[in-house]
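Just the one chain here, the form predicted on its own, laid out as structure tokens.
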């Protein structure tokens, strides 16, 4: 059969030693960021659930933690820190500029925020 060679593992990796070290370093960074994301999530739940922060500061506190989590996810899991993601960055920024006025307009129309 022609597909027998596909089930066998490769004898030698095509990655260089430098690429393997870089990959291991990235995996360690992603693991640390993942633990940090879990910590931020638990911090938000505990701070609000145990009334550790004042009620009027709860929503801004959670939003600040959410923005930090979003930035960490974009940089480390969506690889936005890499140089070859220019188009993805352009589409993300365009999406933010389209989404934010839409959300504000809908909030004003629905009456969530009244001026």
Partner chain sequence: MASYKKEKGVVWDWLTTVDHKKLGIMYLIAGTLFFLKAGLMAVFMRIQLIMPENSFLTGQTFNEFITMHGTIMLFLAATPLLFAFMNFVIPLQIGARDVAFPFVNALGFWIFLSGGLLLSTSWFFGGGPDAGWTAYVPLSLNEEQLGLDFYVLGLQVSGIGTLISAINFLVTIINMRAPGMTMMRLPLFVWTSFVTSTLILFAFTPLAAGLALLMLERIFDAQFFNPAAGGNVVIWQHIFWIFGHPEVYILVLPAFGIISEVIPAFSRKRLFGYTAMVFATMIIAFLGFMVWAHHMFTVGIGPVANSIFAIATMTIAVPTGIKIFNWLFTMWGGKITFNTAMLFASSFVPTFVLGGVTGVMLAMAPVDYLYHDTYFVVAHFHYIIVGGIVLALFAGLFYWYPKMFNHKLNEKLGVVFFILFTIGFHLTFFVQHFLGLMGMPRRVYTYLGGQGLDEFNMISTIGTFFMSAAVIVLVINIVYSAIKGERVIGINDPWDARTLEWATPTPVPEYNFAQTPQIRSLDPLFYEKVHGDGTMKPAEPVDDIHMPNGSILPVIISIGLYFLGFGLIMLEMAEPIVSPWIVVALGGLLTFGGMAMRSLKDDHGYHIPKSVVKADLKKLGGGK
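Computed from a predicted structure; not experimentally measured. Numbering follows the first chain given and starts at 1.
Below, we turn to the form predicted in complex with the partner chain, even though it does not appear here.
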query	finding
Residue 102: touches the partner chain in the model of the complex, heavy atom cutoff 4.5 angstroms	yes
4.5 Å heavy atom contact, residue 18 and the partner chain in the model of the complex	no
Partner proximity in the model of the complex: residue 94 to the partner chain, non-hydrogen atom cutoff 4.5 Å	yes
Contact of residue 39 with the partner chain in the model of the complex (heavy atom, 4.5 Å)	no
Output flag, 87, 98 and 109 jointly within 4.5 Å of the partner chain in the model of the complex, heavy atom basis	yes
